[in-house]
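Below you will find one chain, with nothing else, as structure tokens; this is the form predicted on its own, and questions on how it binds or moves follow later.
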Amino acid sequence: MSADTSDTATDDGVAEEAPSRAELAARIEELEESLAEATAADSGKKMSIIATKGTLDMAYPPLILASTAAAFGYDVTVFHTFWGLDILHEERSKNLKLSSVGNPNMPVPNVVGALPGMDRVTTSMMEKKIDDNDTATIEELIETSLDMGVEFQACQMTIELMGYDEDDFYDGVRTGVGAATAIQDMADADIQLLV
């Protein structure tokens, strides 16, 4: 009798037909595919970023890191709190400023940077540099990141504190997120960054 047609007995003595080699091979292939899918899902790397600052120069790091990590296959979450929430605010993100005081890399001394109107000057200088170098805008980086699957979270406490409306944020931003969710996300992440 060949292995393809043999019968086996069960515990109660009733004979069952053994699966054929083709059926066993198909089942093994199915199990290998399931295992590969489960392994791929479990082996995904995760990055969690906390964005706390809303100046023009501090808006770029979390967005560039998030989009780059997503391009490398990371599951990325960016939790925006306090002034970092302005990055996700559709109107405010278009008017982020660059402070000329306390920034050691600014081309003006602090005493000059403290003069009225200097933040406008330094912001204009930076915006010109961004434009001249064809660097992506904040809006473009947010849209690209969202398209790549980055999850942007808006801190609920900060939304209430600042009096923002949830409709003021870019489409795709997850609102109503609290610190407990952010902490759990960081605990599950392979990389945690505070920007």
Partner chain sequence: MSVEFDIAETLDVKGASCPMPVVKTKGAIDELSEGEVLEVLATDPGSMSDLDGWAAGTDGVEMVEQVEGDDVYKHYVRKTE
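Every value quoted in this text rests on a predicted model; they were computed, and no experiment measured them. Positions refer to the first chain, counted from 1.
Although it is not shown, the form predicted together with the partner chain is what the next lines describe.
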Assert contact residue (the partner chain, in the predicted bound form, non-hydrogen atom within 4.5 Å, options Ala136, Ala36, Ile28, Met162) equals Ala136
Among Thr158, Thr55, Thr52, Thr144, which has any heavy atom within 4.5 Å of the partner chain in the predicted bound form? Thr144
The chain here is shown without the partner chain. Which stretch in 150-158, 165-173, 64-72, 28-36 comes within 4.5 angstroms of it in the predicted bound form, by heavy atom distance? 64-72
Close approach of Lys128 to the partner chain in the predicted bound form, 4.5 Å, heavy atom: no
Quick one: name the residues from 161-195 with any non-hydrogen atom within 4.5 angstroms of the partner chain in the predicted bound form. none
